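Let us start with two forms of the same protein chain, each given on its own as structure tokens and named structure 1 and structure 2.
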Structure 1
Amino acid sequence: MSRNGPLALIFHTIFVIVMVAPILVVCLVAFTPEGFLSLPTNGFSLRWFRAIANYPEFIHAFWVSLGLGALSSFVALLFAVPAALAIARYRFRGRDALAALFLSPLMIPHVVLGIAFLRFFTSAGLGGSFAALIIAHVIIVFPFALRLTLAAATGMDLSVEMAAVSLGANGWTLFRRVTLPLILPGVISGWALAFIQSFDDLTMTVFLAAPGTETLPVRMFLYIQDNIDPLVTSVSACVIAVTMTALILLDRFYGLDRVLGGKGDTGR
């Protein structure tokens, strides 16, 4: 097994510092007792974490983001799984064009999508509604769910399905007992990436969100337009803590390599 050379280690060290340093700075600033953004600080305080309770808008926006991300990712998977199976298994006229159409939201700037969705949903009488947010988020996260599900479906061993059919399994039993378990790592990976994309989206959502349907990134963006204090950093630190806890639990009970890499059973 080859070992990393000095240049590779230096590159990895710089990469880790660049990736982790902004997160550490945000977390350190969140503990400042000052009324302004400062680093280094004159001690540590939970002042701005307690201040979150005085702004229920942030808590409401968090639950909106959580529900929106989970629901839009689930709906995207309902379309992505049959689409991935069809593209992976069948050769038909327009197959490549259909795949390109499904992935096209990745190539369109979210600013353009936001303006287009705003115009469309306003004309349809859905402007500012939660339903409009779900539809828009399903469209932008669908490519992420499709790509990883398609990767799992493409690498699936079809002989297992043929064996199940030869034993008398019908279509639904074949999908439920054979096909879905085989592509499940890709499906879970697709859901996870779609959820992250939906939860983190600001550029498009800011055009569609209205009072009552503001997501957490939109609420934070609107807050920093009028305020310069460490409250947003404390909210960010809470989100980072929740994310880290979720990743640790996910790795403990399922395995991050299976979720993020779409790998099969690793013997856990």
Structure 2
Amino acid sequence: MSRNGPLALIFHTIFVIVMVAPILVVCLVAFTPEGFLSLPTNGFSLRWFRAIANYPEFIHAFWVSLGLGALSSFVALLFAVPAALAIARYRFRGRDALAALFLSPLMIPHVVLGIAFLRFFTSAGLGGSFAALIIAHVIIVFPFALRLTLAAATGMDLSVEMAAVSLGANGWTLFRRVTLPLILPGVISGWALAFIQSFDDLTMTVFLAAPGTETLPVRMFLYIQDNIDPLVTSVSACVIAVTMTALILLDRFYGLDRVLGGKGDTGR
């Protein structure tokens, strides 16, 4: 294969700079010693990171996001793992339709989902509650949990299971001691990707969150609506740092191209 020419490399350099610039500028401005938005020209300062401590709303919102992401991704897997096993192993009538339904939250605009859930949970008397947020997030992260579990289950060697059955393992033992350990990398990556999606969601959550159940992106969005100052950049920098760490771990553990490329992708 031929190498990239100088023109291609110039294009590539500009492309990468443009992709990184907005993220970099948020992180740089976060270190400003000034009281207004500016690139740190008079030295770096951690002033705006310390300032986060004086805004309990942001810290509370961070814990809400963390709990919501962890819990909804876990619940999504409880539903997604059996469904993925069924779709990976059995050829049955309605299989394609079920797969399409389970991946449909990827296609439905989140603003529509937000409206639908707001209407639904308000009439169910759950408006603004943490339970409503969990259920709504289970739906939007389900496709990610399903896809990665499906990829792992599809590639699994079934003769191992048959060996376990011939040695007398019953259903639950078989799942716990053989099937689950074999698909575990896919399940954990599915959880991680689902967690990131839940942690980051703004468009749907902004409809459901009430004071007390505001997630971090919602809190940040509402803050930006009223004022943009260095505080929100330092909060963003923390979010970026957390996501990047998760991303690098995910890449080491499972391979980012596999996570994002969606092998076993039946939806698109």
Partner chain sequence: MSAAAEERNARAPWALTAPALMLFVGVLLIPLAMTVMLSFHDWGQYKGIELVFILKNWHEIATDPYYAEMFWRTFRIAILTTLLTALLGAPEAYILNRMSGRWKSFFLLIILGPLLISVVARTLGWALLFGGNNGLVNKLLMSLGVIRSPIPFMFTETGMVVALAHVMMPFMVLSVWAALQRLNPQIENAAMSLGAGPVTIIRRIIMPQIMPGVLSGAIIVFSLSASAFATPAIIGGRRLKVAATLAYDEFLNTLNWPLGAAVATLLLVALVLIVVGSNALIERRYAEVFR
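The first residue in the sequence of structure 1 is number 1, and each one after it adds one. This one's a predicted model, so the numbers in the text were calculated from it and none came from an experiment. Under this definition, the rigid core comprises the largest set of C-alpha atoms superposing within 1.5 Å between the forms.
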query	finding
Selected structure - criterion: the form predicted in complex with its partner chain	2
C-alpha of T203 moved at least 2 Å between the two structures on rigid core	no
Core fit, then A241 C-alpha moves 2 Å or more between the two structures	yes
Angstrom shift of the Cα atom of V20 between the two structures (superposition on rigid core)	3.3
Core-aligned CA shift between the two structures for I10 (Å)	5.7
